[in-house]
Each structure stands twice: as structure tokens, then as C-alpha cells.
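What follows is one chain in C-alpha cells, specifically the form predicted on its own.
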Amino acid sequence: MSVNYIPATFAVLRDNDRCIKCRACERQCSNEVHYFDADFDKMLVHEDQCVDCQRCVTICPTNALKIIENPNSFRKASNYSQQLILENYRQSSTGAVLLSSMGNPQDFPVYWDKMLINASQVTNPSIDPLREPMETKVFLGKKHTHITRNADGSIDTSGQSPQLEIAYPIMFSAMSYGSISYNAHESLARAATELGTFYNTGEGGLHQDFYQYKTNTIVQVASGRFGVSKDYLDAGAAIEIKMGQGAKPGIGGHLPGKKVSDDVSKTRMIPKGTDAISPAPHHDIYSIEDLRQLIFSLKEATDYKKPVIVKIAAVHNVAAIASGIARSGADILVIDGFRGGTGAAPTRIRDNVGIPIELALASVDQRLRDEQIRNEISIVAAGSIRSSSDAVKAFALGADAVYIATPALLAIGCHLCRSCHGAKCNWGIATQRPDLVKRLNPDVAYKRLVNLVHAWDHEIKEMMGGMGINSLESLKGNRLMLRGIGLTDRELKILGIMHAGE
């Protein structure tokens, strides 16, 4: 008998006085943690298979279950955490690259939590958003440098590049069909349509059923070109070229074969059951000039009617890269921070590569202003926008709008168990198993997404009102509205903000 070096990560605690042996936990657990032992007439568990998705805890009619981190631990060592020891054991068993899901969980600084929002008092009175108009509508795209007017006094918009008009400064970030389920995609599409904002297909193509939502869809073109066709490009209000992703900078996409069902296979135009691997680079892009050629090829293919977005990961030279992209003909730039979510990424890449979105956003906005090309491109911040206050701080650092992904998934039921790559999501989100997918009801889920954005928008208006600002345009890049706390002089300089008390 071989030795199992890897203890269970979680301990499943069952109150046998409360347990009525209804076996709901057994039926509901896709990881087969719970089972009934007839000889002992009791429910038992395979703890080593538990991912702490909390499905059994929430479904138990008598509240008999709890899941805690396994208190058992290896002998402590300052340079070897329990996690590192376990990861070495796993790789010794499989010889494989470690895969992980969701965002970077490491204990790096979260700069959103080290910035405070300024507020008005006497000389610059605050605004009551319940009684006075507040403008949070946003137009994304290249803007004219100067305003010119027609003879009747109206603004001359001739020659204006195509714009994305969003009723709220919040869009749903790229999550591909395959990485998430049909029902999850439907929920995002329906919510975006009702809200007057946009959801992003990710790099997995667009299911034929969702072409009806094309006026609120951003279609993505990634290095694998999965699902890309003329009809696909025409089905989007905008086209996004994915050059990089915050969770895995410099690395291509990876959809495990167990998620490539018949429908996913058809949509992505790849064989069923095969891993969908996007190359790390686009093999036709090795310079800004090559990127420019693809941008204008996509504009030409869509009659110059759609804005083209370029998405990059936040890396150390991001400001210079953004400057090149702004000059390449792109209309919108997405910057994705290193805490951005993912359905599957190499663990070492996810946890060690890239930089925080806060630093990247501030440096890009300042660089484009210094070069007097800020109007040439709109900026969307992504990768760990967790709340409305994070969004407000992003606007003050220079973002025109934000992408959210993890908060959107949380709204529809995700419990952040970080096992999306296993394809057994108990909440029907990151899975293609029909029995699990049906657990997510789009009729309920899309309404929860709408509620989330409405709540965030209300909070954004309240915070803007407290600053004495009544339009998002006045907040964009207004770093006087932020103060740092517990930050070094170097960090404050990059963020372009003063310390609290100044």
C-alpha cells in the first residue's frame, strides 16, 4: 500500500445529533465527498475530495454540517509553508504543471485598501444624489482633442470614432463559454442587456443562442482564434484583441478537455474532449506595427463601425506598452491586474507574475497625459475590482470604466472555492456537466447581477456626491480625491496621490 503524502485540506464536521440521514449532501456533492454507510447506518465523508464549495452546508435542512480548514499541519518552517510542501508532493506524484483557478491569493499589498476617498465640507459643498442629477453614463472610445460646434450651437460629431455607450461605468469581464457554463453566459448576456452595459465573450467564441444579445456583446479575438469568423465579429458591438490576461501574463489560454463538450466544441470549432490551448503570443503580432495591422484589419472587416479594444496584462513596462497601443489605432485599452480571476492558470504564473492594477492604471494614465494622447484611447481597469469603492478609486486614478468578473460570479452563486479547472462546479457556473449546469437558474441569476450593478451605481453616486462631484468625467483622473495611508513615498509617487493628512 502506497503512502498518501497529502492530507485533506479541509475537515468536514457533521453533527450526528442533527443529521437525519436525508442524503441531500450526497446527492448534491459533485466531488463525491459524502456517502452513506449502511453497515454503520450513518453518513461518512471522503475529506480529501472536499474543495470547500459550501454546497452541502447550505443545502443541509438541519444545519448539521460545517467545513473548516484541516487543523493538522506540518512542522513549521519560515521558508516552507504548508502550501509549498503540499504542492511539491502533488508535482512529485503527477509530474505535471500545477493549475489553479480564480485570482492570486498571496499576501501581496492591496492598494485599494491603502487609499482613502476625500470628501467635501464647507467651501466645496457635497451633492445629494437623491435630489440632484448625477451622471455615470460613459462613452468609451477615441475622443476629439477639441470641441467644435455647428452653426446651431450643437457639438460637431462628424469624424468621431465609434463609441461604446454604457449606462453604468461597469461591464462584465471576459469569461469564455467553456470556462463557464451556458447558463452563466446567458445570465451575463441578459443582465448586460437590461442594464445597458456590455458583457465579454472571452476567447471561446459565441454560442448561436446568444447572437440575439449582440448589441450588448463584446467579442474577443485571442491568439487561438477560437470561434472567430465574420459572423462572430459582426455579432459584437466591439471587438477586443486579447494580448494578455492579469492572471497569467505572457501565457496563453488553457481550457481543460473535460470542459470541451459537444456545444463548446461546436462554438470554439475544436474537437470534443481536447484541451483548448491558446499560444502565448499571437503568431502574427511581434510589434506595435503588427498589432496596428490587426486592429485595422478588424476595422476593415466590420466597416469601421465598431471600436477595437486591446487587452493587456499589468506588467512592469505597462505605461510604455500602453503608449504604443494608443498610437496603434486602438480605441479602448483594458489593463488587467495580477489578481484577476481565471478558470485555469499555471499556479506559479498566477501567484508570481504581473503587478497590481492600481499601480499599472496610475502609471498608464499619467504617461498618456504626459504625452498628450490621453484622449486617443479610453482606459478600462480590470483584475480585482471588488466593490464600488474600488471602482471609484479606479476612476480617480484614471479609468473610464471598470470590468468585473469575480463579483459577477459571486452574485450568481460562486463560493470562491478556487476549483474551476476541475470542471465540477457545484453551483453550475464553471462546469459543462448538464446535471450541474441546471443548478444555475438564469432567470434568477441575471436579476441578481442587475441588482449588484444597481447597488454599486447607487454607492458610486453617493461617493461622488460626497466629493462634490456630479459627473464621472469630473472624477476621471482626479487624484486630488484620493489620499494614501501606510504607503511609502515611492508608492505614493507612482499612484500620484498625497498621503492622508496632507
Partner chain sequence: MITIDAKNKYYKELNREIADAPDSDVTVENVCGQRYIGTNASDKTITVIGTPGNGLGAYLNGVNLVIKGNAQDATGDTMNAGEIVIHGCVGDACGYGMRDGKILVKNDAGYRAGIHMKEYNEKIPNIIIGGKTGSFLGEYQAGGRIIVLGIGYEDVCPVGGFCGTGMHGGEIFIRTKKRPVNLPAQVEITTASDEDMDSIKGSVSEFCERFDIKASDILSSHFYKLTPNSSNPYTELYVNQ
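Positions refer to the first chain, counted from 1. Just so we're clear, the structure is a prediction, and the values are computed from it rather than from any experiment.
If you look for the form predicted together with its partner chain, you will not find it shown, but the lines that follow are about it.
For the options Glu300, Asp113, Glu135, Asp209, the one in contact with its partner chain in the predicted bound form, meaning a heavy atom within 4.5 Å, is Glu300. Comment: its partner chain is not present in this chain, but in the predicted bound form one of Ile147, Val97, Ala167, Ala320 has a heavy atom within 4.5 Å of it, namely Val97.
Of the candidate stretches 88-96, 333-341, 428-436, 210-218, only 88-96 has residues with heavy atoms within 4.5 Å of its partner chain in the predicted bound form. Using a 4.5 angstroms limit between non-hydrogen atoms, Leu233 touches its partner chain in the predicted bound form. In the predicted bound form, its partner chain stays beyond 4.5 Å of every heavy atom belonging to Tyr80. A residue is said to contact a partner when one of its heavy atoms sits within 4.5 Å of a partner heavy atom; Gly227 meets this definition for its partner chain in the predicted bound form.
Within this chain, Phe108 is remote from the site of its partner chain in the predicted bound form, having no heavy atom within 4.5 Å. Contacts of stretch 419-452 with its partner chain in the predicted bound form, defined by any heavy atom lying within 4.5 Å, are made by His421, Gly422, listed in sequence order.
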